[in-house]
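We begin with a single chain expressed as structure tokens, specifically the form predicted alone.
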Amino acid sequence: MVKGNVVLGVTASIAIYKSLEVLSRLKKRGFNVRFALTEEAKRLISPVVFKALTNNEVYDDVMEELDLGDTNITHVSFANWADVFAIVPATANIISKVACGIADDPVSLVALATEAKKVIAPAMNSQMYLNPIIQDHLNKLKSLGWLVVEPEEGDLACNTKGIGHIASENHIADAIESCMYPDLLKGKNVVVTAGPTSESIDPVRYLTNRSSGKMGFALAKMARYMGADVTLITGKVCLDTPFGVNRIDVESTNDMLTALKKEIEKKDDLIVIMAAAIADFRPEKMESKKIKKEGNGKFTVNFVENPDVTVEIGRFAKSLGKKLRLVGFAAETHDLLENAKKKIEKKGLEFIVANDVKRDDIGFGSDFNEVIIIHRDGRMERIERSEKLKIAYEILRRLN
């Protein structure tokens, strides 16, 4: 199933290789891709390469019209075909041309002709990128609806370090994919918790759980896709930060509670999605030195209860007179529905998402999940086994 059509406009930056890496990511996500190249770009990488990798015609010469079946005007055909048009990489030259309405190469021609969603990923020397002229042009493009994937700090081709290094291929692919979703959460502030919390026993050892954070990260990514301003508060995981998401790393349950309270203080009308696997207990005492074996074959740790984070933030928001919409998760190994239902009233949830984590094909560590959404009025909706990003969309669209 093709997720959508993407035209990638490629210009002659040293970061041109990124266009091929983005292509790889898009193909794996189910997109159909065509390329438009400037004259200078095809001197760096032959159009034959782009054609071979996409099995689609490449638009690289404004004087040669391709027979694509719908019209003999190639830039119009490419413009009409695209669901998303993205310039990767974007030089200072192409940014300035598009912002000023100049169309004299395949990339700028498609840019001005298309009504598709538009993405641009700048890549250039720091001084060029920070030049007020380029910044003005980028701001103009943003005001016209272009999604700018800001460059990063890093090594540059001019043997210096600074801002201007093109964004990661995953962030660019995320930005492109985000254009395929409706802005159902535009203007909303969303906080997602993810991953496990960890409770220290001594400076070396800690207790945690099997959560990979994948469900929470999928929710944060999808909320951003759907137009929300997203903050992700996560325990220790091995996952990249989704494009456009503000990430806060925490360790313990109390750390997560503190971070959540700070977000509630800063923002109004928050939607908080508690997808983290938060530790219910912590050691009564953390030893200051590594605990050594005593030779008796036993090792005893006394535990105390951690605060119920969801209940605590509900009380905290109420004390500040702030509105809070809460969504909970119930990761259970038995009595799934009964245990989940009990949490709705106790925690003040709008609804709860229940999933069976003892199954090997979903839940902890898996890219897939199967959940039951239980509403306050008792209604239940089952979302069959799907990729976690699809599950995230189904959960979030119920918050519109």
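From 1 onward, residues are counted along the sequence shown. Not measured: the values here are computed from a predicted model.
Just so it is clear, the following notes concern the form predicted in complex with a small molecule, a form of the same protein that is not shown.
Participant: Name the single residue among Thr74, Ser211, Thr91, Thr310 that comes within 4.5 Å of the small molecule in the model of the complex, judging by heavy atoms.
Facilitator: Selected residue: Thr310.
Participant: Taking the small molecule in the model of the complex as the reference, which of Phe329, Phe78, Phe217, Phe243 has a non-hydrogen atom within 4.5 Å?
Facilitator: Spelling it out, the residue with a heavy atom inside the cut-off is Phe329.
Participant: Could you tell me which stretch in 28 to 36, 54 to 62, 331 to 339, 371 to 379 has residues with non-hydrogen atoms within 4.5 Å of the small molecule in the model of the complex?
Facilitator: Careful reading of the contacts points to 331 to 339.
Participant: Look up in the model of the complex whether Lys42 has a non-hydrogen atom within 4.5 angstroms of the small molecule, and give yes or no.
Facilitator: Lys42 lies outside the contact set for the small molecule.
Participant: Is Val230 close enough to the small molecule in the model of the complex to count, meaning some heavy atom within 4.5 Å?
Facilitator: Although the small molecule is absent here, Val230 would stay clear of it in the model of the complex, with no heavy atoms inside 4.5 Å.
Participant: Using 4.5 Å between non-hydrogen atoms, is Leu109 touching the small molecule in the model of the complex?
Facilitator: Because no heavy atom of Leu109 falls inside 4.5 Å of the small molecule in the model of the complex, the answer is no.
Participant: When the contact criterion is heavy atoms within 4.5 Å, does Asp249 count as touching the small molecule in the model of the complex?
Facilitator: Asp249: no, not in contact with the small molecule in the model of the complex.
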